[in-house]
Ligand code: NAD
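Only one chain is given next, in structure tokens, and it is the form predicted alone.
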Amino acid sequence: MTYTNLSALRVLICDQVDSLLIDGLERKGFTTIYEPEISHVELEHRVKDIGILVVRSRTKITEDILRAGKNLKIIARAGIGTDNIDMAFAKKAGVPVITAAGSSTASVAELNVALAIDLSRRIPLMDRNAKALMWKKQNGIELNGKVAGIFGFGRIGQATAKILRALGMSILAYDIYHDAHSIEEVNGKYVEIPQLMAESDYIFILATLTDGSVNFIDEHLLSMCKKGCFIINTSRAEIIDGEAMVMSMDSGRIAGYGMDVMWNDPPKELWEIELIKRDNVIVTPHIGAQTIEAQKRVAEFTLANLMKKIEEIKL
């Protein structure tokens, strides 16, 4: 079916997005519906009349949603991850998924470095103590001269490495794909996972979540870590076995954990709640892409990629 005008494509935006995206869709002529708190049940009921779904990470596009979406033509993920979308069934149903890849790279890279510095200098703890008039100094650790191991050397991993290199760190990287130019830019080297775990003072988890990567970093891999290393995770919590992380911190193997992602959002397991209360743990509520600049880029990239896909599949 070819649409003579875009108003025939009803767009349902299921999560909070920058107004630039809504305005852009409306300027293009789409019939736009903004329901940023729509429930799964309501979405399943309403999706039958929708041509394009726009989601972020809150909304789960499951098989039942896709089956109900009889007129669904495109899913637009206003972000970079697609683990909240049943990609296998979307492909089977012939519904393409577009993302805003690259839009939040700078913001997430900066957060990675901020978490590493905060852990090293114990800034949240020092802040809490100072505000409680407990004027007690504690020694921190410099990043300069340390080894950064980057697990997942894609856009965000490369951007993070550039900042860390400028701070005087050495770079080790693990990735399925080897980008020779990018690793040379930071004077780093690709290594296998055991070497990365054993030699890194700071380990940055920046890999994409797949079925095979759930609990990939388990008790065995954590036991390989250099004693006293720090781990920063801004990708997906599920890549790490959470209970194994707790045990590794109890033993002193892991000196601190900085995370922008949780196994449950918000946390509900007792071990999760106990973990985030520790002084050597810093947790942020999935704010990697939550900057004014990144959200504007997400809006721009999503709209541009959506228009390309519409042209490509000749709607």
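We number the residues from 1 along the sequence you see. All values reported here derive from a predicted model rather than from experimental measurement.
Unshown form predicted in complex with the ligand; subsequent notes refer to it.
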item: Candidate spot Ile80, Val108 and Gly288, all three touching the ligand in the model of the complex (heavy atom, 4.5 Å); value: yes
item: Residue contact check: Glu219 to the ligand in the model of the complex, 4.5 Å heavy atom; value: no
item: Asp260 within 4.5 Å of the ligand in the model of the complex, heavy atoms; value: yes
item: Partner proximity in the model of the complex: Ala180 to the ligand, non-hydrogen atom cutoff 4.5 Å; value: no
item: The ligand contact at Ser213 in the model of the complex, heavy atom, 4.5 Å; value: yes
item: In the model of the complex, the one of Ala166, Ile176, Ala88, Ala130 near the ligand [non-hydrogen atom within 4.5 angstroms]; value: Ile176
item: Contact residue in the model of the complex, chosen from Thr208, Gln195, Asn71, Ser170 - any heavy atom within 4.5 Å of the ligand; value: Thr208
item: The ligand in the model of the complex: contacting segment from 91 to 99, 134 to 142, 234 to 242, 117 to 125, heavy atom within 4.5 Å; value: 234 to 242
item: The ligand in the model of the complex - contacting residues of 154 to 172, heavy atom within 4.5 Å; value: Gly154, Arg155, Ile156, Gly157
